[in-house]
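What follows is a single chain, given as structure tokens, in the form predicted on its own.
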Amino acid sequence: MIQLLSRHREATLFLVLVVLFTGFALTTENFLDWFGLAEQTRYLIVPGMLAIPMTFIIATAGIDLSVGSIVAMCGIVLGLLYRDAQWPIALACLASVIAGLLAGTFNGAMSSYLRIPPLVVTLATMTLYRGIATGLSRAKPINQFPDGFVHLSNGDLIATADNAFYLPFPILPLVIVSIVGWLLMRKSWVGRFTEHIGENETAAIFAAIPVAHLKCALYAVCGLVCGMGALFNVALYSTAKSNAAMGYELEAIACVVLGGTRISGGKGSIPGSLLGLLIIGILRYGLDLAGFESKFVIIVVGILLIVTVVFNEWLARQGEQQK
């Protein structure tokens, strides 16, 4: 039974998702309204994008608490270059992504080469990057972005003539990032080495795995994805703010942990992280429609995470004992 659950964790999560969806559909009015469901996905895109590189980082027994702050900082960089420096929006977007890459590389270098625990590093840079965003913007929002840019998050990928069915455009980049992440995790040496590092970093070093370089690269890529996510976050609200993306780091971590990636490292699942994203999204949307206050929704999600973490660790230990 334990081996079955371990091998088919994604199938179990999918079953949980189906049960949740069916339960809310039968008990909550307007839950099956396509407009509401499709619009809800727009708010899941950025946390979902962040959850992909976070899966790799947590699989190495690391953590990145600065992703939300990087998203906010990159959004401010985008806004200031477009509004004040009058850069073309495409160049401003590119600079925003590069800023995210540099921020992530700094996190990776500090934790990998200086061997400072990633929890300490990213906790410090979470404040640092948020402070940079606040200082650059003077805590004032930046808006008036061009319509073509706003379309990134508010446009439709597929739409019928009467808009009875449509898919939001930002689903496309999430799918692309997810596919790339899955290929790297399951079809390349990157995923294998990542999980080996999480299982036993010392053994990985003796096995000639470039541990420091790989870990630094993972944080750098995480920053790159944060820069990409900043574009969609700014486009969604048509505003760049220094307090944007608050709590996104916790949402991304929640999706990863719920998806079956061990917080202690050694195992990662991209499909699991996406299923975790959908479960949390459906849970929040359904409880909101049912009339629950947001504070109670947070409590429910927190309890779900505690149960998941305990279950993941118990499942892993039972599996190790049976080997």
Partner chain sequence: MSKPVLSLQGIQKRFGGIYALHKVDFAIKPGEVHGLIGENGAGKSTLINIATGLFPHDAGTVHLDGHPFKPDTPRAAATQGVYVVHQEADLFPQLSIAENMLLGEGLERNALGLIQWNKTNAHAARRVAALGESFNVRQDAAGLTVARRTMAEIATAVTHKPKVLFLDEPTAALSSNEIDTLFQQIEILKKQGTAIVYVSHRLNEVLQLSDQITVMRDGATIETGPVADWSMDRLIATMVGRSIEHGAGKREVPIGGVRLDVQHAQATTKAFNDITLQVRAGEIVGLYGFVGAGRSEFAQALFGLHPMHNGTVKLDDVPINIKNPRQAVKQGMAYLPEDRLVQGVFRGHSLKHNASVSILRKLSRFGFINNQKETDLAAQVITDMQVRTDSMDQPIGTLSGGNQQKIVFGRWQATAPKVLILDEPTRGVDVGAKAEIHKLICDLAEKGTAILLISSELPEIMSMSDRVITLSEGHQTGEFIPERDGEVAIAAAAVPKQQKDSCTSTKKASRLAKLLEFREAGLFAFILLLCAIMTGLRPDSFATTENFLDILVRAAIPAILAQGAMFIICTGGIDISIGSMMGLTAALTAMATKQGLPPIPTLALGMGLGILLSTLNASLSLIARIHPIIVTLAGISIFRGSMHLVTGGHEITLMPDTFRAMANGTLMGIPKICYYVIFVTAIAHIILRYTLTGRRVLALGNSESAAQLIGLSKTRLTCFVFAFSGALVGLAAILQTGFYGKVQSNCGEGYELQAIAAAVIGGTNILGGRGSAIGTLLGAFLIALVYNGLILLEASAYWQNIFVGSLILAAVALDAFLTRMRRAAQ
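Predicted model, so just to flag it, every value in this text is computed and none were measured. Residue numbers count along the first chain shown, from 1.
One more form of this protein, predicted in complex with the partner chain, exists but is not displayed; see below.
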**Asked** With the partner left out of view, is D156 within 4.5 angstroms of the partner chain in the predicted bound form by any non-hydrogen atom?
**Response** no
**Request:** Although the partner chain is absent from this view, report whether G148 comes within 4.5 Å of it in the predicted bound form, heavy atoms only.
**Result:** no
**Item:** Interface membership of I263, the partner chain in the predicted bound form, 4.5 Å heavy atom rule
**Value:** yes
**Message:** Is it the case that N143, even though its partner is missing from this view, gets within 4.5 Å of the partner chain in the predicted bound form, heavy atoms only?
**Reply:** no
**Request:** Using a 4.5 Å heavy atom cut-off, indicate which stretch of 110-118, 96-104, 83-91, 233-241 touches the partner chain in the predicted bound form.
**Result:** 110-118
**Complete:** Answer key, the partner chain contact in the predicted bound form at 4.5 Å (heavy atoms) among L152, A217, L136, I171: the residue is L136
**Item:** One residue of V177, I253, M228, V221 in contact with the partner chain, assessed in the predicted bound form (non-hydrogen atom, 4.5 angstroms)
**Value:** I253
**Request:** Scan 290-310 and write down, in order along the chain, each residue with a heavy atom lying within 4.5 Å of the partner chain in the predicted bound form.
**Result:** E293, K295, F296, I298, I299, G302, I303, L305, I306, V309, V310
